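Just one chain follows, in the form predicted on its own, and it is written as structure tokens.
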Amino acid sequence: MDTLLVAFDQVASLPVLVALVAGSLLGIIIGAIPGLGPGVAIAILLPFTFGLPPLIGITLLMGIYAGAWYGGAIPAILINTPGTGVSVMTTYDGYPMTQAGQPQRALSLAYASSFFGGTFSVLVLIFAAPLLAALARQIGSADLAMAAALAMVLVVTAHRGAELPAAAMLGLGLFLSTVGLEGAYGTPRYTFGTTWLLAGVPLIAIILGLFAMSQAFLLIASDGGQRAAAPEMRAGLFSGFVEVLRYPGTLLRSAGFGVGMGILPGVGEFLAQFFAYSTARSASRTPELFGKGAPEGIIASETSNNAVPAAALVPLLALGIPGEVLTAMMLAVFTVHNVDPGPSLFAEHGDFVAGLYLSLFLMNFVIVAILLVGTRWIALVTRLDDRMLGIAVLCFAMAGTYSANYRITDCVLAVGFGLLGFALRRARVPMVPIILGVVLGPILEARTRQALGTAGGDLTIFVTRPISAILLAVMLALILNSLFGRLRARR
């Protein structure tokens, strides 16, 4: 009860409530605009959240993160165009249902499924993060170094069929993380005699360049044509909250896949959605309806991808290790305010954690309320012109980059990373490993140095400690499995 009262005290302030509603609404709109996605919005707003208290900043960003997955279902169902990359499978059954004259039913099922997945993952976060943090108190520097290395391996192996490009991009991110003054002795590394690189390559410039500016360049380079009009919406968006209860097995399995894949670093929504959809089809009594308007297809897709955001915070809060690019961006908010995620977070900043839990739980209710009232108007944003959107994103990204440190060199770097990101997107080379390499590189370096210092330079510390040895064995198993998979594919 004390924790609950502290949580209500944290969230009941007007700034937190405004951030909760504003983030949720902005996330829904961003998700409903095909071609953007939450990464662009979070990247643009990230520099502006540095001046906000950590709970307000994280609530705003998490509202965008969660709201975008809800909103991505709107164009996927109404015009057969995924609003976000993880809404692809929603089109399989959502659009056929719209063609059959039931767009309200499809959207209602999507909203109800997303709500269940979102609230389920928040409950998992509430119970799992403190337990993992309690376990983490027994973890030493060698174990955390291996955990960071395991996260990198998972990032690479999660890109099935593109492991080599993913590994190359991870290597690029690790190299970028070494630029600047070395922490232990203050030795400049790869600064080339400049002063503006002594603090390292700014994370904000990398994020905004790779994700916001590259997407803006893609939008500007498009044909600029408008999309088809969405069908007219009527009332009846609440019925799905009753209909989803007819499929409890699909709901629970899909939420379980979302939570499991969210906790694992580098995996995320795509695999969660794939496994949930495939399992739902194989377990269904009417698998022949999948792809033709099956309610279970929409439920599996939307439940799984909306169960990921809160679950992805588990490794960040408990171990201080981000699992994917959006939580890596949020780590920057913690860092700016000297709030260190990890085992000490729950003891030193218990009020913040309690407030975060409650805001994440309430977020799902706020998002659903906005969607039930405003879907017919939100659907209009699907017709925005791509080129105008690209110009707006580019302007906001440039302003956000400059406002972080007020240096024009940051803007130049961001444009350079934007062009790199544009080329990588066109070549279909994954960019997420770059960001995770930049974020995880310093963690791996610092923890490895601490472990070797404690062991007097003895490398066997990574195999003599049980947890470290287990993580190392898991890494080797993942690498060997990926190599054997590539050999089998060639044969």
Partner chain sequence: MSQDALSTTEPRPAGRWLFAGLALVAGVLLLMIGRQTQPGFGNTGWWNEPRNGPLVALSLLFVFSTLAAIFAGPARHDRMDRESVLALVLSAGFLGAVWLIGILGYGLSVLCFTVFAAFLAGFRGRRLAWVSLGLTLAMVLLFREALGLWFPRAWLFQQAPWLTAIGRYL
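Small disclaimer: the values here were computed from a predicted structure and weren't measured. Numbering follows the first chain given and starts at 1.
Just so you know, the form predicted together with the partner chain exists too; it's not on screen, but the next bit is about it.
Contact check for Ala184, Thr187 and Phe274: all three have a heavy atom within 4.5 Å of the partner chain in the predicted bound form. With the partner omitted from this view, the residue of Thr90, Thr401, Ser254, Ser114 that lies near the partner chain in the predicted bound form is Thr401 [heavy atom within 4.5 Å]. Scanning Leu198, Ala392, Ala369, Val336 against the partner chain in the predicted bound form with a 4.5 Å heavy atom cut-off leaves one residue, Ala392.
Residue heavy atoms within 4.5 Å of the partner chain in the predicted bound form occur in exactly one stretch of 313 to 321, 169 to 177, 372 to 380, 101 to 109, and that stretch is 169 to 177.
In the predicted bound form, the partner chain sits within 4.5 Å of a heavy atom of Gly291. Although the partner is absent here, Ile204 sits far enough away that none of its heavy atoms falls within 4.5 Å of the partner chain in the predicted bound form. Heavy atoms of Arg281 reach within 4.5 Å of the partner chain in the predicted bound form, making it an interface residue. Among residues of the shown chain, Ala397 is one whose heavy atoms approach the partner chain to within 4.5 Å in the predicted bound form. Contacts between stretch 432 to 448 and the partner chain, counted in the predicted bound form as any heavy atom lying within 4.5 Å, involve Glu445 alone.
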